[in-house]
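So this first bit is one chain, no partners, the form predicted alone, shown in C-alpha cells.
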C-alpha cells in the first residue's frame, strides 16, 4: 500500500515516524506546506483552501490513503477533503480521542494543547465530553510551532515558553493536539515531573488505521519520499534526524 501524509510543516514527521516504526505501508509520500506554516492562526476558509490544494498534489501519486497529520486541518477541513478525494482521508483528532478513552480515567484532569485553530474549533473538547470527560482545560500554545520549526527542542527559550503557558498546572494527562508537539514531548514531560501521561497522534493513528482495516504491516521498511512547498532540503534534514531518534 502507498500512503500520503500531509502536514502544514515538519510536525507530521511525528506521525510518519510511528507509521515507519510499525511498517504499515510499502511507500509513504510526505508533503509539508512549509511555505505557509503555521496553519493555526489562519481562518477556517483559508485552512480548507490550503488543504484542498494539498489534496490535488497527492492525486499525482496514486495513493491508497491520505493521513492529514495536521490537527488544524483535521479540525476544519477533513470533511471537505473526504467529499472530493478519490481515496480515504483520515484525520488525527478522532484517533487521539479514542486513545484517551482507552488509557485515561474520565475523572482525570486533561490538558489539551494545540494551535489557536485546533483549540478554538473545540473538536477535542466536544468529542471527549461525549465520552464522559468533563474535567478539561483547553489551552492554545501556538508559540511551540515556530520553536519546533526552528529545531528548538530544549533549552531556555522552550522552558520560558512552557512556564508562560503552563504555570503551575498539574494535569493527569496532556493531549498533544498538534503533531509538532511530540518533537518537544521530552521537555513537556519533564516540566510536569514525568507524572503526566502524554497522548500524541502518531501512536494513536497507527492503532486507528489497524482497527479500521485501513492499513496492515508490510514485510519491508517503507520507502519514503519528501516534498515541501518551501525549502525541502531542511525538511529532509529534520526528517533524517527525527526518524533515527
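This structure is a prediction, so every number in the text was calculated from the model and none was measured. Positions refer to the first chain, counted from 1.
Omitted from view is the form predicted in complex with another copy of the chain, to which the following refers.
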Stretch from 145 to 153, 67 to 75, 86 to 94, 100 to 108 whose residues place a heavy atom within 4.5 Å of another copy of the chain in the predicted bound form: 145 to 153
Partner-contacting position among 188, 55, 37, 214 - heavy atom within 4.5 Å of another copy of the chain in the predicted bound form: 37
Contact of residue 62 with another copy of the chain in the predicted bound form (heavy atom, 4.5 Å): no
Residue 230 within 4.5 Å of another copy of the chain in the predicted bound form, heavy atoms: yes
Proximity of residue 126 to another copy of the chain in the predicted bound form, heavy atoms at 4.5 Å: no
Any non-hydrogen atom of residue 133 within 4.5 angstroms of another copy of the chain in the predicted bound form: no
Heavy atom of each of 157, 160 and 164 within 4.5 Å of another copy of the chain in the predicted bound form: yes
